[in-house]
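The chain below stands alone and is given as structure tokens, in the form predicted alone.
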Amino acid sequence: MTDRTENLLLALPGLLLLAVAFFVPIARMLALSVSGPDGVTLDHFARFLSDPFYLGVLWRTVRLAAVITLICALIGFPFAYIMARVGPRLRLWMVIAVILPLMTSVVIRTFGWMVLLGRSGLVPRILRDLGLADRGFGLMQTETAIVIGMVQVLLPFMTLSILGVISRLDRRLEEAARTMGCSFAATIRTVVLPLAMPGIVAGSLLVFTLSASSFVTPNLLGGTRIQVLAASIYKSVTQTLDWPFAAAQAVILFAGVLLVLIPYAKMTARRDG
């Protein structure tokens, strides 16, 4: 038996699982999205793209995902840099602090934010005490609540992606830049940031795709008033029982994610030769 055959046999269970758990549902979803009473049709896509309400839901989903990704990058990069440059013991505790939320259910964490952001919660009460908000101020069922909750959920993915890249950077490059007269901020901007860009891009793609397809946190913090695409799909399946239209929405979401991922995959393949 050749090495290639052995490798193929080892990979076979994983390939079968991938085919059953990913490609079969995707194929079924694609078929359902173009099914109609008279056969194949694109009416479900036309209905979505011609309705201002659903276009608004799509735009809100993309906009929130972009904002969440940007905030995660702005917080995750300096945090990952500090983690990479501190001592091993402190780095270990910082990594534990980043990973610890991932060990708790996202539902539990979201309920925690519901308590904090509700009208009588800690955050609105502090803002009212500081005179920054009126008596009826509340953050629940707003896009701000969704952004806060999603940033907390997805920040570990961004931070760990950047940490993996910065940890491999040669510190002598920074020392050389400082020796040549660069300030700390200039060294970060001209040396560390460009070299850490693969981690930032990878983390951004991960956060964007997870945010765009997230359901639990946007649904609980945004309520029915602030609807995103995943919640719209769920509503079509469970309330109106319009499965073909739900499948069409899922295909649009899937295509949008692919439009983001494919350029990155091509860029990575070109860089790796």
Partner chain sequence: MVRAVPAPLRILAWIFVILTILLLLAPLVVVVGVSVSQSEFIAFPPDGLSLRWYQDVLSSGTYLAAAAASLQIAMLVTVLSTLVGGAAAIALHRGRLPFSGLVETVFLSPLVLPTIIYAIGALMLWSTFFGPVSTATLWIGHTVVALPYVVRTTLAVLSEADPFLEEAARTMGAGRLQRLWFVVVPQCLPGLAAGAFFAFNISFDEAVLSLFLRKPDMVTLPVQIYSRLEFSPDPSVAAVSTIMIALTILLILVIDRILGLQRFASS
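This is a predicted model, so every value here is computed, not measured. Numbering follows the first chain given and starts at 1. The term rigid core refers to the maximal set of C-alpha atoms that superpose within 1.5 Å between the two forms.
Form predicted in complex with the partner chain: not shown, discussed below.
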item	value
is_contact(V62, the partner chain) in the model of the complex, heavy atom dist at most 4.5 Å	no
Any non-hydrogen atom of L160 within 4.5 angstroms of the partner chain in the model of the complex	yes
Non-hydrogen atom contact L206 with the partner chain in the model of the complex at 4.5 angstroms	yes
Contact flag, F45 vs the partner chain in the model of the complex, heavy atom cut 4.5 Å	no
L139, V191, I200, V151 - the one with a heavy atom within 4.5 Å of the partner chain in the model of the complex	V151
The partner chain in the model of the complex - contacting residues of 233-257, heavy atom within 4.5 Å	I233, Y234, V237, W243, A246, A247, A250, L253, F254, V257
Large Cα move at R89 between the shown form and the other one, threshold 2 Å, rigid core	yes
Cα displacement of A255 between the shown form and the other one reaching 2 Å, rigid core superposed	no
